[in-house]
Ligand SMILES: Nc1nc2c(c(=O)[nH]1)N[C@H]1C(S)=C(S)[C@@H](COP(=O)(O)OP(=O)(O)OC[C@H]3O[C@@H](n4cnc5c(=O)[nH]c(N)nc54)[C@H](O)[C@@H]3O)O[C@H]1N2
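In the form predicted on its own, a lone chain appears below as structure tokens.
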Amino acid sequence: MQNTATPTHCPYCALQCGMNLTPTPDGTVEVSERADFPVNRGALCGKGRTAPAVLARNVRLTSPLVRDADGTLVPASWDEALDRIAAGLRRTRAEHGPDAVGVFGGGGLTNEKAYTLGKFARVVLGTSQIDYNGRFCMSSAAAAGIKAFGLDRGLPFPLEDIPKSGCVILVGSNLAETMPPSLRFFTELKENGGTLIVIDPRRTRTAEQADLHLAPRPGTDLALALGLLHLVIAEGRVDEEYVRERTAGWEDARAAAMAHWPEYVERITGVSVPQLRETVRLFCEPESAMVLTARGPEQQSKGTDTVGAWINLCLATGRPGRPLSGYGCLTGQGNGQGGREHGQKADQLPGYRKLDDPAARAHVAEVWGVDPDSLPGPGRSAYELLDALGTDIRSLLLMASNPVVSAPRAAHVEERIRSLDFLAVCDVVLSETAALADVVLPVTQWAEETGTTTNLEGRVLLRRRAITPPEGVRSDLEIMHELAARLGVEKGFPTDPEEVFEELRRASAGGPADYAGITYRRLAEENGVFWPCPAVEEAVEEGEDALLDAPLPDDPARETPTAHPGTPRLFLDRFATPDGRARFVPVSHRAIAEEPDDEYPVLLTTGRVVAQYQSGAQTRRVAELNAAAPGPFVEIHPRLAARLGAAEGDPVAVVSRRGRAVAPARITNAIRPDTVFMPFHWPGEGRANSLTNPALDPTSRMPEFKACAVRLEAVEREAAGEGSVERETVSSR
């Protein structure tokens, strides 16, 4: 057994923190510091440190499971399980057509797996019905970025630029809990004399670090951004030269912002006019400044417009495409960036190409060796796909996602999943969704396989295999290879991740997310390569060794580079639009899809806690993390708790038009009196997504996770914990 440390990356969030893994005698690995990786410089959060716990055999799946005649999942051979899946998918296609088969992926899949899953859906199954849980992550920011800049990459600059900026406005991100190692960039920002402004309805651990904390009413971030832009205009702080030379559409955006005067915005948001003015002063006075958004403003039914308003603020003040300045989005999931670039999204092909673009279809079809006309068109977005299960979509192949916990209106989604004719799930553990499947396949994990991911900076990384997977477990690439063969496609689905990546390079070449100049060998020698990184024709002709061994452009020994260095900073010369100019998009405030009323007088917002991750399918199996965060809770302001008659720890029912959740009260002044907060990591009685609203953004198709109307009900429980009696219904008015 190899005892040397393997340099690799964490399996969780989009920081993709560097770590070293050393095999242990019990077959798992020990995590140690990897100080050379610039994103985390050795620092890890509790989730990263304990990630090997899920590798243990008593925690994870190690055998395929099939549902027997009694309805019980029982162990089966790989041949039986794969044959059942192939038969189920084949039967659905024969009886109902290819679009009756759905495919649902995950933002934790490597680039190779995400690429292959999109190809499998379109080439083997012939279905348009594919999307992934990353739709619930940053699709609104992606849509707004494409409108404004012509390109979507979470951060158009590396994280290392943040401490050197003069001011950062952080909108709707609690990164102290969601991405703890990243907090040091903001600490260094303040140490360097810069200013941190945090916008969040809660006084989170992140907000406590801020120089200025604004606590708007949930769902009013759009009005807030417009109010700030109004003040920028009224106070003469517009960078007129930048607007004239590098943008288009200013007059319409200006007119829209001028309709949102400060006092009007104060009434909508609850943020005072003096705070608005101070925000503008702090943002505009430094030479450099940034706005970074996260799920708060994005997970709304107007998320694209909301992000667009923050981008307009950046453009009006001359920030994007200038050093240490601009707009960026903090991607959440481990490979949320790469996962959407290479074909998991309903409307996209590899390289971030559009599926309805004839030239894009022709390019990718040539790489795949198929007729462009054989490729299906765009399909449904994630929630719409889940909502169609059991009706238009009769069978589903699901990889690396747990929508029974993570999807909005989760009880309805669970019902739709139960109504399927056939469900196959590939996962590491028996998640709540996998437990409903007809066939469950156990797959390899991050430490047991090699593959690439793309972090929130657009930095493509090599995650290396450190240990051998247990017997009975296979990779997702092997599974798709076997299923493709059973469904009549013998070639085109290799199991070697590097071979897949080589094809991905060709498929992405010339696209917005161009990986053509990136190779495994480069990734093994460098700390990641930023896309776009096109191949240089001379290097392609000379072969890979020439590409890898050639000096980079800053080497004075060679005048003509043979390897593209990658693009850490975008838009310095021009934006990715036909004329090189960024676009202002005029937007106006509108209400959330479901405002409070007499029956549901309180606003619910949801989010994460530091010790759990996403649906909790993996982290809820780690003892250390469960000790830190054992279950759901409802965060309530003392005034609201007093009206309800609830004390700390009392069970409280939160009820929306879609469902009911019960969890202990956590009483705190850190939240607005008109708002309650619930984390969404748990299933069962405390499932926060039983309540959330699937109202969709018209552009991004993002559900409105961050704001819906609820009422609170105090609950008395018998001493034995059996049964409950409602004591009171509370109104916030």
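Start at 1 with the first residue shown and count on from there. Since the structure is predicted, the reported quantities are computational estimates derived from the model, not experimental observations.
What comes next is about the form predicted together with the named molecule, which is not displayed.
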query: Is there a heavy atom of residue 300 no more than 4.5 Å from a heavy atom of the named molecule in the predicted complex?
result: yes
- prompt: Quick one: is residue 221 in contact with the named molecule in the predicted complex, heavy atoms, 4.5 Å cut-off?
  reply: yes
task: Would you check, heavy atoms only and a 4.5 Å threshold, whether residue 511 touches the named molecule in the predicted complex?
output: no
query: Can residue 201 be called a contact residue for the named molecule in the predicted complex at 4.5 Å between heavy atoms?
result: yes
query: Ok, 172, 308, 528, 351: which has a heavy atom sitting within 4.5 Å of the named molecule in the predicted complex?
result: 172
query: Pick from 232, 622, 609, 662: which residue has any heavy atom within 4.5 angstroms of the named molecule in the predicted complex?
result: 609
Listed range touching the named molecule, judged in the predicted complex by heavy atoms within 4.5 Å, from 94-102, 358-366, 601-609, 237-245: 601-609
message: With the partner left out here, which residues of 255-292 have a non-hydrogen atom within 4.5 Å of the named molecule in the predicted complex?
response: none
